[in-house]
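As a starting point, one isolated chain is supplied in structure tokens, in the form predicted on its own.
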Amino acid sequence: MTATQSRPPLALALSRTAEAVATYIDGAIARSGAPGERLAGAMRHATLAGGKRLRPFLVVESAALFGISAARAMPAAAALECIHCYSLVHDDLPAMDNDDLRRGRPTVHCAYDEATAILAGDALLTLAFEILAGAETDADPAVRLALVASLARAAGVAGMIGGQMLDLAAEGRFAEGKPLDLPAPAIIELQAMKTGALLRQACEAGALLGRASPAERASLDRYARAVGRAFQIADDLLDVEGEASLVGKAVGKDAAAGKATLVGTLGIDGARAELARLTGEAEAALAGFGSAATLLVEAAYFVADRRN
């Protein structure tokens, strides 16, 4: 039996990554020097409440294509998850999406208060780069620098933050409450920034750790682009069709807020057809890696079929 054949099925691999990244982040918070228990507690509330941990999983599995162990990939995976969790803390705030639930628990500003939530999010943002800059992330300073630059781009104005700003504009936040009627290409661009950028960075991080060739990096990027779009469409479908008890947060909010989504533009059947096309695209992008990419291919279908 080869090493590839003996690898665990997707559910077990996701669970192992989730446990490992939670342990790593918990330790990083303990070492961070956060004053008092309140700030550290809020940081833990934001990061240790479970979740799919899809982004760190993509880091680990992308790196595994090049022989990098999960332990070696964990700092980069944990740094990305800190960024993702910080973004959720801020997205949930009253000034943004005004959500009371996240993963079935009170959001950070409800469990603590708004000021603590803002600072906890800020702390996780900066902790991510402290982790990446450390020698444990990679022995080569050039690789660490490339990882820092990659995550900064994905999380910044050309990525997640810029996409969030476009999303708020589309809701009509800055135009006297009038939502924008965006065409499908504009929605795709918005979502590629807001949601897709961090998913692409996950695969880029694995490629950087693995010293991937330009062709290998391009294949992983095509995969990640498709998965990012599929993730957002599945998320939008859950908002329309999901149950709050299963999703772990309020549903039906996108239409009420006038959010621009492909489900709203294409309809449910059209969105499902696009999901099927994207999963096929993701699988095709990894064909050159053969059976080593089995878990990544399965993850694309998991993203499309998820119910929470």
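Being a predicted model, the structure only gives us computed values, none of them experimental. Each residue number is its position in the shown sequence, starting from 1.
As for the form predicted in complex with a further copy of the same chain, it is not shown, yet the points below apply to it.
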property: Option from 24-32, 269-277, 44-52, 58-66 whose residues, in the predicted bound form, bring a heavy atom within 4.5 Å of a further copy of the same chain; result: 24-32
property: Residue contact check: residue 98 to a further copy of the same chain in the predicted bound form, 4.5 Å heavy atom; result: no
property: Heavy atom of residue 114 within 4.5 Å of a further copy of the same chain in the predicted bound form; result: yes
property: Distance check, residue 164 to a further copy of the same chain in the predicted bound form, heavy atom within 4.5 Å; result: yes
property: In the predicted bound form, residue 231 touching a further copy of the same chain (heavy atom, 4.5 Å); result: no
property: Of 102, 90, 200, 194, the one that lies within 4.5 Å of a further copy of the same chain in the predicted bound form (heavy atoms); result: 90
property: Sole residue of 188, 218, 110, 158 within 4.5 Å of a further copy of the same chain in the predicted bound form, by heavy atom; result: 158
property: All of 86, 122 and 145 with a heavy atom within 4.5 Å of a further copy of the same chain in the predicted bound form; result: yes
property: Sequence-ordered residues of 126-150 touching a further copy of the same chain in the predicted bound form, heavy atom within 4.5 Å; result: 126, 129, 130, 133, 141, 142, 144, 145, 148, 149
